[in-house]
Structures are given as structure tokens and as C-alpha cells.
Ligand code: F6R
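The chain below stands alone and is given in C-alpha cells; this is the form predicted on its own.
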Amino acid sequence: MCGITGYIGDNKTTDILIDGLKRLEYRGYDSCGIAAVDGKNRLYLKRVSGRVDALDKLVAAEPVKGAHAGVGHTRWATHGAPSEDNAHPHTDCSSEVVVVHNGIIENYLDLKEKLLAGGHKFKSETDTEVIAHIVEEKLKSLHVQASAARADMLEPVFFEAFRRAVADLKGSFAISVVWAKCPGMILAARMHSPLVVGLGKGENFIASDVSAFLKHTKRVVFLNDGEMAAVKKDGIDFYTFQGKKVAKEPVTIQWDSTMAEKGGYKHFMLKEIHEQAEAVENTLRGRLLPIGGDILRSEIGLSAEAMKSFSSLQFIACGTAYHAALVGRVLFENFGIAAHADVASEFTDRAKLMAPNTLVIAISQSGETADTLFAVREAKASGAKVLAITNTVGATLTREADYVLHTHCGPEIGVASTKAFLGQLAAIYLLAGHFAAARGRLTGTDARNYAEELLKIPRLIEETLEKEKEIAKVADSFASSEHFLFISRHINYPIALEGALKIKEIAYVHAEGYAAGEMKHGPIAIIYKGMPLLAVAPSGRTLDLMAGNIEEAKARGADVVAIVDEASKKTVKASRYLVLPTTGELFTPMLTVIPLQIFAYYVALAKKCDIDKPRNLAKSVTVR
């Protein structure tokens, strides 16, 4: 998730681009930049490492006159640490082709090697820069004599060069490109990453979402996957990637600018809950198949041989990330791989007692969690290798770890983690599959089934999200409750903990998460008539035991909401059911957590809590 802006028209281009970036900064804030072309085909490029305010000051100090076309970008890093060199826009060797990009170019290393062999010089570590050089190469192949041609004569050539460049790309992308020799047109393309065009009068806009230009126009056209746009100030044409022209009808946006930033959702948290299918898909994309091979070697340096060599795994994390770690422990143990999970703040003594050749897996959304960083240093002092799972490129954790697996979830604005948690789970399932296959614990049909089931999860998440209204109705019936109990077993026990944490974080109520088998060892005493109890009970090896635990709670007066699938619903007796799509037992945590997130959200909404910024909490805990 990054923010793209584009403008063509006779108004102040740089002002419009920067204003758009400020409205898109929630999508990324590692670095930013703008590029504009003036009436004499001169390129103006300004970039900074940091926030848009810094860019605004830089542009104000060195303004450009006469620019009528340009693009801008605010970055959430995926390839290359946050820095000015890695900030967008990126240029080709001649500094005439300018590109901004949102997404991941999966084959960028192969493309980059070919371009380097052809004499191209790169200035960044990003995957995006290859696009500028590919467009440059395609222009050369079309034998452009740019110096002898008028800009309007070059437009068809520019379009064809861009179309051919896009055809070489694999992955997810939203791209906008400007060519200094052809300043009357901006080109854009979309595949698996949002891009929208705004229709003005004598001016037009491009952006990652409508909030960037909503103050200028509410008439928009949303690009679909596999579509391109040729944007001029007096009109826009739309095409397929094959170059076939398509007709598209504009729509009128009814949101205000604040709602637009949130995609029409009332809060960032709800928006991010609905982005979880995409978060999982982005984390898995290009990394899963062939399962058990050396697919992770090129990205993070972790070979199949290395996976075989570790004697055990040790997860360390805090808060929600710790619950992901607990799921990971059960998952790896299911494949016969010794694993432990500890809260990072309590890891000091365990670090000294780890078995030789232990791989420590440190999980942190921000990569700056102080307790996790301290635990990593303790582990490394004891001789362990560290693998980091984080959502933030260039964070301290990534610099201290031996291996880094980034979750590609985009920035998470809501303080209470949702999509970052699903991204962490996706990364853990990805690692578990590769480790198990490399060690011969997952082979043949079982390996294929594991991969196929994991790849189905994003669609099953979407199906689960369709239950939102039903979940909201259940939540509303408990809006006045001040005590909640969450229970489950085995791989979903951490999900009970996560459900309790979510409602505590944003609704400010007392909640407990327990392993269901522990109920009779004390917690059953707190149950009173009408107390809400959420039981996570999908089909699996512990279902009969869960059904018994639910009966025990009901007998003491608990009002039970059961999170089930169609099969387990037949076994569990509850007051109310939330029925989820069916998946394999091991994969159920990636679905069962979603109704608990939505439930917590609607309880907090009914209580009129500050959902995106809950009291006393911060997004990144950087003190011990």
C-alpha cells in the first residue's frame, strides 16, 4: 500500500500533487516525492525520506513554474529500505521517463539482471525502478527519434512502449508514468492494486484512491485489473493490456474526503479488517510454490538445507504478535518440529537455555517493539540465528535479524492490530509449509493439499466478511456487557486470547481468554447468568471436548455465542451461532479470528469508544 497521485491541467501542478499526497499519507509514510514536466520538456524531481510535510517545504523552497503534468508518491516500503534514493518517483538512465508504482513486481530481479547486462544503471534498491528502464528500453526498440518529433506525434509511441513494458511485468501493480518528451499525456495501468481516475474540466487526475482529488472532482472512473488509461487534460481513453480500447462510465462519489481516506468505512480499523484477504494474498504471493524448495533463498537467504539444520524454533513477540506466535508453535509441532513461544518481555532467562542451533522467530508489526528487540539481542548473544517477521521495511528488527520475511500488508492505521495479525499468520503458515516439506514431514499429495488449502484462504476470508451484519447484530445485543469470556482449544486457543485482547483494547471492558480445558480449574467461578461467552469451535480433533466445555458454561448461566462451521454446528449447542466457511483444522485460525475482530468493533462502536485511537495505547511500543 502506497499512495499515488497524478495531475494534468493548467493549475498549479506541484501544489495539487502535494495536497493529494497529504490526503494519501495514511497509505504510506516512509518517503515521498513528486515529478513534474514544464512546458519546455524539463523534468522537475523532488524526493525526501520522511513525511509529506518535509517534501512540501523542499518544493516551496525551490518552486517550479509552468508545470502542467506530474506524478507523486508516498511510500510504504516493500523493496529497499526507506531512503531518498529509494523514494519514488524513479527515472530511467536518461532521467526522462518517470514512474510511480504501488505493489510488488515479482519478477523484478530477472528483469533487472537483463537490464544491467544491457548497460542500464540503477540508482535504487527498489523493484519499481525496473519499470522506468523497461519503458526506456521499449522506446529504444520503437526507434524513436524524439528530438525530431513533436510531442503529440510521440504519444502513440509512448503508449505502445508503456503497453509493452507492462506486458513484461508479473505481480501486483498500479503504475503511473510520465515522459518528459511527451508532457501532454500521463499513462497508467492496474493489476491487483487500486487505481482511480478523476474527471475534471480541462484537467484530470490519477490516484490510489479518490481522497487525493475529491476536493477537485467527484466524477471518477475505477480501473479494473488488466486496464490502462491514457490521461490528457481534455480527455481520457481506456484500454486493455492488449491495447483494445474500452468504454467506461464515470460514477459520482458521495463520500466526503475523510470517509474517502477510509474507503467509505467509518473507521480505519473496519477498513483494515476488510483488507485482510488482500493482506494474506500479498504475503503469500510468489513465495509458496514450489513448497519446500529454495523459493525463499533469493528473497531472505533461507535455503531448504538451512531449514533442515535447525534443531528447534523459538518464537518471541508481544501482544497480538504473541498470539500469532502461539498459533505458529502449534502449527510447527503438528509437523513434528520442536517449537516454543514466549512473550518477548519474559525471554531473558529462556535465551540462555535455548538448545544449540535454535532458530529464533521474532514477530513485530512495526519492527521497533522494544521488548522484542531486546529479546533478539539476548538470543543473538546466546549464538542463535534470528528470523524476523515484520510489516515494516528498514525497521530496526530487520537490520538486526539474520533473515527477514516481510508481510506485505501496507500500513495499519488502527492501533488495534487486525490485518497485520493475518499477515503474520500467513507468513507463519508459509514458513511452516516450507520447513515441513524441506524436512520430509510434508510430501506428495499432502504438500499439494497444504499449499492449495492455504491459497484458498483469501477467498474464504472474503466469505467470512460477508457475515458482518450478522456479527454486528450479535454484538449489539451485548453492548451493555462489561465482562466477556472467550474459550477454545488447540490451535484456536490463541484466537480466544486474541478475541479477548481486541475487545479489551477498543471497548474498554473486562475480558478473559482461556484454554477451554482450564475452565473447571478456576475461571468457571466467574460465570454468571447472562455472561457472554464466545466459544471458538470449528471442526477438529478437540471438538467433542469443546462441546462439553460449552455445556459446562451453559449450565452456569453463560450466554454462548459459538463460532462454528456447518459440520461443527451439529455438535455444539449454543444460544447463537456464527457459521464460517469450512477449511482444514490447521487453517481455521485465519478465519475464526475475523468474527471476533468484528464483534469487538461493534461493541466498541455501540459504546462510542475512540476505536482507531484507544486510550492509553500506541501503535508501536518503543519503551521497555
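Just so we're on the same page, rigid core means the largest C-alpha set that superposes within 1.5 Å between forms. Note that the structure is a prediction, hence the values are computed from the model and not measured. Start at 1 with the first residue shown and count on from there.
The discussion below concerns the form predicted together with this ligand, not included here.
Selected contact from T74, S176, N492, Q365, since only one has a non-hydrogen atom within 4.5 angstroms of this ligand in the predicted bound form:
Looking at the other structure, the residue within range turns out to be Q365.
Given that this ligand is left out here, which of I527, V509, L154, L501 has a heavy atom within 4.5 Å of it in the predicted bound form?
The residue in contact is L501.
Please run the contact check for S488 against this ligand in the predicted bound form: heavy atoms, 4.5 angstroms, yes or no?
No, no contact at 4.5 Å.
Is T320 close to this ligand in the predicted bound form, meaning a heavy atom pair under 4.5 Å apart or at it?
Taking the distances in the predicted bound form, the answer for T320 is yes, it comes within 4.5 Å of this ligand.
Heavy atom to heavy atom, is V386 within 4.5 Å of this ligand in the predicted bound form?
Taking the distances in the predicted bound form, the answer for V386 is no, it never comes within 4.5 Å of this ligand.
Check S417 for me: does it contact this ligand in the predicted bound form (non-hydrogen atoms, 4.5 angstroms)?
Although this ligand is absent here, S417 would touch it in the predicted bound form, with heavy atoms inside 4.5 Å.
Can you confirm whether D30, T126 and S193, the three residues that make up this candidate site, all sit within 4.5 Å of this ligand in the predicted bound form, judged by heavy atoms?
No, the candidate spot makes no contact with this ligand.
Want to guess which of 417-425, 378-386, 474-482, 96-104 is within 4.5 Å of this ligand in the predicted bound form, heavy atoms only?
Stretch 417-425 is the one.
For Y26, decide whether the Cα shift between the shown form and the other one is 2 Å or greater, given a superposition on the rigid core.
Y26 C-alpha, core-superposed: shift of 2 Å or more.
Closer or farther: the C-alpha atoms of R27 and A370 in the predicted bound form, versus the form shown, with a change of 3 angstroms or more?
Residues converge in the predicted bound form, at least 3 Å closer.
I want to verify one pair: R27 and A426. Are their C-alpha atoms nearer or more distant in the predicted bound form compared with the form I supplied, knowing the change is 3 Å or more?
Compared with this form, R27 and A426 lie farther apart in the predicted bound form.
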